[in-house]
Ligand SMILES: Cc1ncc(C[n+]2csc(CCOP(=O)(O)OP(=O)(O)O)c2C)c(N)n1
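For reference, the chain that follows is the form predicted on its own, supplied as structure tokens.
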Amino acid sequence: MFDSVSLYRKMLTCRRVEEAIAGLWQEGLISGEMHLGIGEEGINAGVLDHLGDGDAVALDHRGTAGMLLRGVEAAAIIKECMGLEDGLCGGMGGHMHLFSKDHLAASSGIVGSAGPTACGFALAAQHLRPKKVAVAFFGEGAMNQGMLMESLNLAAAWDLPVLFVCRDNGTAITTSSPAVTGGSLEERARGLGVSGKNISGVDVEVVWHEAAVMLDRARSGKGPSFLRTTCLRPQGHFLGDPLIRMVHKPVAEMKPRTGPLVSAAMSSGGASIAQRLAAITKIMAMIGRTARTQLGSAHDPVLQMRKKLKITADDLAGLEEEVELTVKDALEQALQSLPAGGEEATK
């Protein structure tokens, strides 16, 4: 049964945990790139709410929310992101390689690898755990990876109980996806024998109901499905994305770039003036497109779900306070695991 309050709690928890992780990254307590799933909460919660014991999930480099929704402790995930020995994977995997055998959950930074991983989970379920399913999460850019196409084909050929979930934000890192992807993704899946559908990932209720149909289909032995869900990602491909920085701090970020751009435009050699102007126009269009797709209330799945809740203001405040306290406690546990002087050493 669709439970709006329960789903909102899950979505809000994912949002607050990832915001806490972002804060640690900004403070220098997490090194390397950081890929967040903010803006995808409706997709993650809407699909994973249907999974139970014995079901499996294969995640990509944005696996934090998926792990949380499968029941992995937030503190263990945060510690892993910080590279601590008592993290989920002993601090050896980081946020892109989260694994939990107990929860049948695995993630990888290799683009498209969720496909073959989910097929492996599904094949095991087919032989060892009847009525159990596997779910694969990936971005639209992964649909151009051979291993994912092979996974769709294999799943169809063997009637594997797997749901392929594509989170499409229209951008493959910094490249507009339509510029490098031909045709319709759901038609591509159908061409390989996998039932495909396209929906908005902003409305968790829509995602929940569609996922219910597809997962029931898989559990009953009718084979795999492909669900393309559209979304927006306010942080860009990773925290510190230069396009996002230009939108938030245009003067500070554009100042060091203005000189080289003007110099290149006025240079006597190289491309024609028309070509240079076209290139600059393209750059400005990318910045403008980024500005337009910054997460606003209309595209924020958490805020949209919050508006639909039919509970009292006091109950809502209590729920949100509980989530805040839970995340705060997980964050404090992680910080307490830092070695003496560790906070300064990581900066």
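Small disclaimer: the values here were computed from a predicted structure and weren't measured. Start at 1 and count along the sequence shown; that's the residue number.
As for the form predicted in complex with the ligand, it is not shown, yet the points below apply to it.
Of the stretches 164-172, 273-281, 178-186, 121-129, only 164-172 has residues with a heavy atom within 4.5 Å of the ligand in the predicted complex. Although the partner is absent here, residue 115 lies well away from the ligand in the predicted complex, with no heavy atom inside 4.5 Å. For the chain shown alone, residue 239 is not a contact residue for the ligand in the predicted complex, no non-hydrogen atom being within 4.5 angstroms. Although the partner is absent here, residue 106 is not a contact residue: none of its heavy atoms lies within 4.5 angstroms of the ligand in the predicted complex. Among residues of the shown chain, residue 142 is one whose heavy atoms approach the ligand to within 4.5 Å in the predicted complex. Shown without its partner, this chain lists 72, 149, 215, 110 as candidates; in the predicted complex, only 110 has a non-hydrogen atom within 4.5 angstroms of the ligand.
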